[in-house]
Structure formats: C-alpha cells, structure tokens
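Heads up, the chain below is alone and in the form predicted on its own; it's given as structure tokens.
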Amino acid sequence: MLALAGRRLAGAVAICLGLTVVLFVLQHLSATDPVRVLVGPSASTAQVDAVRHQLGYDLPLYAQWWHYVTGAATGDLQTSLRTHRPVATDIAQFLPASIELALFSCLIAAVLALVLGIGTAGRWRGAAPLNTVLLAIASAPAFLLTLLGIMVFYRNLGWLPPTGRTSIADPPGGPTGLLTVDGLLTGRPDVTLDALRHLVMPAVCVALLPAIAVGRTLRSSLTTALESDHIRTAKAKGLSRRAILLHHGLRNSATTPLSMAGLQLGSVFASLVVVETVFAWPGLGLYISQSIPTSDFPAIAGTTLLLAVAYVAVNTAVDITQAVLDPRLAR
C-alpha cells in the first residue's frame, strides 16, 4: 500500500510539473502580449521593454519556467497583471466561495448518484423516471442550465436569487470563509439560510452531469454484483433485496464508481468557470474568466495550477481508497 501511495504521489508531482510546461508553451505561442496589455496601447517601446524586463518576460522560456516553478513551490505565484496584487492573495480571497460551491455540488451529486444507482438497480419506485428526467437535463450544456434556472426559479417563480453569494450587507468574517458554516459559528443563522438560497441553483447546475455519470456507473456495477455467487447465497439465506443491495452489493461494486467520481471532478472544475461567471459567484471561476481577456498569465497559471493540484490529489486519494477496498489493485 505504501509503494502504491509513493507511485501515485510521484506521478502527481510529474503531472503538475508537466502542466506548468504546457501553460508556459501556450503563453509563448499566444498572439497577445501581456506586457502590452498591462501598460496600454499608448506606451512607448522603451516603456514596454522596461516593464518586460522588470517582470522577467525577456528571459528565455526555460528560465521563466524555472523561476515560476521554484517560486510556486514556496507559495509565490507572481503578481496579477490585472489586479496588481499577488496571485496567492487573490486566490485566498476567491477560493472559499469556490470551495463552498464545489462541496455542496459534490454533496448533491453524491446523493443523486446514490439514488439513481441504487434505486434503478434495486428497482425502486420512481427511480427510473427520475433517471430519465435528470439524463435529459444533464444533456444540456452548463450555461444553458444556468440560464434556464434563472428564468424559472428567479424570474417566473421568484424562489431563488439570480446572482451573487449573499444578499446580506454585513456577512460575518468567520474562520472558514464558508458563509454557510461561519453563519452558524457566529450565531447568524440568517446568513446560513441566505447563503443556502444562493447556493442551490449554481450547485445543482454543477452537480447534474457528475451525478448522472456516477449514478449510471454505480447502477451497472451493482447489477453485475447482484448476479454474483455470494449474492445468490445471501438470497438463499432469506435476506431481503434491500439488505442484500445495501450491505453486500454496494461494497463490492464501489471501486468503479469511485474511479468515475474522481474523473468527474474535472467536469466539476470546468463547470465552475461557466456557472460562477453566469451567477456572478465570487470564486476562482469568475476570477479566471476575468483574467483571460486581459491575458493575465500569472493569474491564469496560478489558478489552473491550483485546480490541477486539487484534481490530481483527489484522484490519487481515490486510487488509494480503491486499493483499500480491493487490495488486489495495490499489487
């Protein structure tokens, strides 16, 4: 198990380093000059060259990459060309909102996936129609789901707010940065309830596609597991179908859905950019979408690197968890 963890961690570091190389190559191939964008079109050539030298953009590409990697290892992600603040400071400001949205999205996706997977495999009443409805909804792109959600639940029904993270003017500055948690910790349940109302629409829009993918994989794994010999033995002992499904089938069919859940984290991160932009959610997705038009390479690289590290870390944890559930995978 330790050898497996070591291999996965070494692979994670290699993937992150490879990503930084790709980012620097793409930036070098881009037709947009970030220095020119920073100083403005009216700046002279001498001013542009001076700023380029100050930022280190006149160095060879490999030297720029090495300087960035060594700085990132110590938490220095350079300075944003748009906000003129350290990228690490910007990320610290926008990260809690993205974490809160991602956590609630994953929670909703897990619940829906379990309902769909276990319900359809166990032939629960109402699971099949729900699967059909959610599959049809999840076939739509994320931006269309966000617009439909705003039109239905805000414009027509008036149930949910259309944009933002909260409508309270003085939300508490709690220790976690998560409004739903800090509202409870500081004795402000009104903040928690308001944050939940703002979370519902964006979280559901992010969660639908991963829920469908994981739920269908879980259903397939459960269906196969229920046809195995030990399940037939459990049936012969007189155990109910529900008990067999939950206590015997679920554990033996968890590895494949776990792999799918790790892979679907990438779609969660991709949806965050779209959903946060449409809902004006003050997270990393909105931060990076505002940085792209200005060619703010430090902000784009820092945010992308952070999301990549999170994605690789989760998939590494999934691989290790699968090996714990099925020790044969650690060989």
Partner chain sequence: MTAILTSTRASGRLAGGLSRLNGGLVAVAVITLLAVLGPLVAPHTATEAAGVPFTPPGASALFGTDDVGHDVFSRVLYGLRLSWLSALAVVGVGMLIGLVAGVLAGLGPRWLDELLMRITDGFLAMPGALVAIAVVAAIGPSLEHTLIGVSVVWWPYYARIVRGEVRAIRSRPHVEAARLSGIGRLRVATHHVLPGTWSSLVVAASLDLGYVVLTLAGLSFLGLGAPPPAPELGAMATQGLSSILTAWWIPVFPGIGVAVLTFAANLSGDRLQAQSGRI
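Positions refer to the first chain, counted from 1. Note that the structure is a prediction, hence the values are computed from the model and not measured.
Same protein, other form: the form predicted in complex with its partner chain, not shown, and the subject of what follows.
S.K.: Does Gly71 reach its partner chain in the predicted bound form if we count a contact as any heavy atom within 4.5 Å?
M.R.: Close contact is absent here: in the predicted bound form, Gly71 is far from its partner chain, nothing within 4.5 Å, heavy atoms only.
S.K.: Does at least one non-hydrogen atom of Leu55 fall within 4.5 angstroms of its partner chain in the predicted bound form?
M.R.: Outside the cut-off, so no.
S.K.: Under a 4.5 Å heavy atom criterion, is Pro172 part of the interface with its partner chain in the predicted bound form?
M.R.: So Pro172 does not count as contacting its partner chain.
S.K.: Might Pro141 be said to contact its partner chain in the predicted bound form, defining contact as any heavy atom within 4.5 Å?
M.R.: Yes, Pro141 lies within 4.5 Å of its partner chain in the predicted bound form.
S.K.: Residues Gln78, Thr89 and Ser259 are flagged as a possible site; in the predicted bound form, is every one of them within 4.5 Å of its partner chain by some non-hydrogen atom?
M.R.: No, none of Gln78, Thr89 and Ser259 comes within 4.5 Å of its partner chain in the predicted bound form.
S.K.: Taking 4.5 angstroms as the heavy atom distance cut-off, pick the stretch from 143 to 151, 200 to 208, 184 to 192, 105 to 113 that is near its partner chain in the predicted bound form.
M.R.: Stretch 143 to 151 is the one.
S.K.: Given a 4.5 Å distance limit between heavy atoms, list every residue of 265 to 286 close to its partner chain in the predicted bound form, or none if there are none.
M.R.: Contacting residues: Gly266, Ser267, Phe269, Ala270, Val273, Val274, Thr277, Val278.
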